[in-house]
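First, one chain by itself in structure tokens, the form predicted alone.
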Amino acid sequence: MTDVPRLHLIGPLGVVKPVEFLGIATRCASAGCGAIHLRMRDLSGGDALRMARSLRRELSGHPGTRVIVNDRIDVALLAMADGVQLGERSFEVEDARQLLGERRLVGRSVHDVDGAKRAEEQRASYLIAGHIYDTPSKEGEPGRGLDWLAEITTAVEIPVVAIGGITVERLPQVFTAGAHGVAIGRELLLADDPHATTTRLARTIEQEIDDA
């Protein structure tokens, strides 16, 4: 199965404009971000496709960075993306596999152990699990915590990517809980220097993997 990146950028999330996101994504890719997720719930199909194609063009100089489209399998196929990220109430993983085949990544967002096991049984490439810490995107909903993350990572054998309030300072605890990688939104989208922040994250992740 295709290797799963360790560091994922999620955007634009309504936090930055699409054109700003393209620039941020390119700077993050140049600093070692392994996957850029295009999450665009409010865009029409045509606008989503144009955005995905623009992202592919912007990242053409960074072949090691995967382009992941959230939910829209049709957009992922037409834009020749590297995979899709399915929400918990989106398509079943096995249905996405029928369209995408085995070569592309199929991720599933999960919020409990049963959902994680089901996604693994259906041949998901990886899971995004969260939210781990309190985060503005989930205002009023406490983070599920590191013990919960450890439950997920021990319940399945496929890679688990942690999301929600992740910062460079929290990486050691997240990896100790068994995470394969992390997905980050605002920490990179709103960074004064996305390249420098990505470099810090990537270096810390590499150190955590080396020390494991």
Partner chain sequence: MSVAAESEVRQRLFCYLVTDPRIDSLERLTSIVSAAIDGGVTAVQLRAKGWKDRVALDAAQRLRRICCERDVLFLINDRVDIALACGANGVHLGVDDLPVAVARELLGPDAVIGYSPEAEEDRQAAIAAGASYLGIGPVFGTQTKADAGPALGLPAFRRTLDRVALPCIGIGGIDQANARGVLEAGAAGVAVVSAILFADDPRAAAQELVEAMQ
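Computed from a predicted structure; not experimentally measured. Residue numbers count along the first chain shown, from 1.
Absent from the display: the form predicted together with its partner chain. The rest refers to it.
*Asks:* Find out whether any non-hydrogen atom of D95 is located within 4.5 angstroms of its partner chain in the predicted complex, and reply yes or no.
*Replies:* Heavy-atom contact with its partner chain at 4.5 Å: present for D95.
*Asks:* Though only this chain appears here, would D71 touch its partner chain in the predicted complex if you measure heavy atom gaps against 4.5 Å?
*Replies:* Flag for D71 set to yes.
*Asks:* Hey, in the predicted complex, is Y133 touching its partner chain, heavy atoms inside 4.5 Å?
*Replies:* Contact with its partner chain, no.
*Asks:* Can you tell me if S44 lies within 4.5 angstroms of its partner chain in the predicted complex, counting non-hydrogen atoms only?
*Replies:* Judged by the heavy-atom cut-off of 4.5 Å, S44 is in contact with its partner chain in the predicted complex.
*Asks:* With its partner chain left out of view, which of V156, M40, L59, L49 would have a heavy atom within 4.5 Å of it in the predicted complex?
*Replies:* Contact check passes for L49.
*Asks:* Suppose contact means any heavy atom within 4.5 Å; which members of 85 to 99 contact its partner chain in the predicted complex?
*Replies:* G87, E88, R89, S90, F91, E92, D95, L99, in sequence order.
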